[in-house]
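Next up is one chain by itself, shown in structure tokens, the form predicted on its own.
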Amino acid sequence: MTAPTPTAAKPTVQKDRSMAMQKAMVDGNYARLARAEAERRKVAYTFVPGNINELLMCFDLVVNYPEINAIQNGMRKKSGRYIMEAEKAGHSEDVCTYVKADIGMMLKGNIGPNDERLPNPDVLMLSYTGCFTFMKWFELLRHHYKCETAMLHVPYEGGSGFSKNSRDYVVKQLKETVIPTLERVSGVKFDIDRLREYLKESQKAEENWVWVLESAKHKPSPIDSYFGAIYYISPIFTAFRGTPTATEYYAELRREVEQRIANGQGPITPEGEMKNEKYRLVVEGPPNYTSFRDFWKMFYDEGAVIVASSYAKVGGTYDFGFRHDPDHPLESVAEYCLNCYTNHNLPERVRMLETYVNEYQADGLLINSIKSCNSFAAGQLMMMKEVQKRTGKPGAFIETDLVDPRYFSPANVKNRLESYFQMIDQKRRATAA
């Protein structure tokens, strides 16, 4: 008899304490969703940008995030077959792959990333913040689930900052449409003092979160603000913002980062600590999730740390001053929605990226253009050229996708990154000369 071929051991993934905490939190929310029907809990589906989690908690709703399901399935190598399922059902190749991964999962029984069935929604809570695809996505879900839908229309800001009229317009919708719908669906009467308590917790977490983001100004940076931030942003951008659990998480994350600064350490990556910071980059655009570790390793191998990224602001631009304010609860919720990155116009996005390159002493701006995400891809070449002109730092452009494995070409991405790092080296030599 032939001896069985030994199975290759999976490479060990190194994680810091906060990553383990974040995973436990996400797993816990999936467990709550799995129990929701048995416990007769009402369920809301909503999106990350502009989410009103504190308000949803006022109605005892269990919250499901379709984007997060797509991301988790992408990292677990499940999204490809769901996308194919959606395309078989008639959805175009050019449609956002978050949408197709979610629709495909729904068509195959709505089995979530934790291998348990996700409950049907009792209400779809759409907060529109600059991504038209969200509206069409929820139209598809409403057609399938035939449940209530509440829409919060958030005006796209054409100037610098939002206007009082825009804020008042959002508050009016909260009072007249959103809150009455959530009361009717949940059977729970709205209590504004309860909202204030949640916003107090949000504010505490946001203070520590901004401290962590700005810790990347240190050399070496103790965090990676793109790959590492995928773990860090989850509690504050999803079902935990406003809870003592999220407050505790960001306090622990801050302590962890403070210790790394004191020790002169770089960020923790799946390959281990980044010990040789050679390049400091700002990145625009979402990451690729289906090859997340391989993608991150390309940067690790070159000693490249991302010190700031626009994607870490998709659920709130806290580092530009916004905090939830319990003294003005509904106005604060409205301002949060208006301040999400995808609700900023292109000149404002350029200004943010320019600020990051300068304040974080980055070597340049890297664009990761996502094939199926128009909210980010539109105008990115113009943005790159403008940031180059303003900062004098080189830019580069790579292309991948969110959760479609067909559009991640490791060789192509690696070659472009190597060329970019050579460009940075040449720029340094020229500056020294």
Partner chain sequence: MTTTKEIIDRCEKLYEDMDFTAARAWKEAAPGRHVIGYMPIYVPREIIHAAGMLPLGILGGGDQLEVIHGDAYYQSYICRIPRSTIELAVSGKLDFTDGMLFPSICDVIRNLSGMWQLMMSDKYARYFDVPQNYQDDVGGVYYTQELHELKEDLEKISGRKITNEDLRKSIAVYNENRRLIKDLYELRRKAPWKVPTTEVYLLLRAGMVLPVEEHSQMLKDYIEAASTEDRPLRDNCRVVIQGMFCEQPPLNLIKSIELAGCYIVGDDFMMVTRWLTDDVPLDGDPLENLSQAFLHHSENVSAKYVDREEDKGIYLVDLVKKNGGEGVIFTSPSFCDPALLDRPLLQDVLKAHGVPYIAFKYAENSGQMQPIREQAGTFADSIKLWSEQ
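Note that the structure is predicted; figures quoted are calculated from it, not measured. Positions refer to the first chain, counted from 1.
Just so it is clear, the following notes concern the form predicted in complex with its partner chain, a form of the same protein that is not shown.
The listed set Ala396, Ala377, Val26, Ala34 contains one residue whose heavy atoms approach its partner chain in the predicted bound form to within 4.5 Å, identified as Ala377.
This chain is drawn without its partner chain; in the predicted bound form, the residue among Ser310, Thr342, Thr238, Thr269 with a heavy atom within 4.5 Å of it is Thr342. Not displayed here, its partner chain is approached by His153 to within 4.5 Å at the level of heavy atoms in the predicted bound form. Contact check for Arg41: every heavy atom lies farther than 4.5 Å from its partner chain in the predicted bound form. At a distance threshold of 4.5 angstroms between non-hydrogen atoms, Glu183 is out of contact with its partner chain in the predicted bound form. In the predicted bound form, at least one heavy atom of Gln173 sits within 4.5 Å of its partner chain. The three marked residues, Thr133, Thr177 and Ile370, each reach its partner chain in the predicted bound form, with a heavy atom inside 4.5 Å. Stretch-level contact check against its partner chain in the predicted bound form with heavy atoms at 4.5 Å: of 247-255, 315-323, 142-150, 296-304, the positive one is 142-150. Taking its partner chain as positioned in the predicted bound form, the residues of 343-363 that bring a heavy atom within 4.5 Å of it are, in sequence order, Asn345, Leu346, Pro347, Arg349, Val350.
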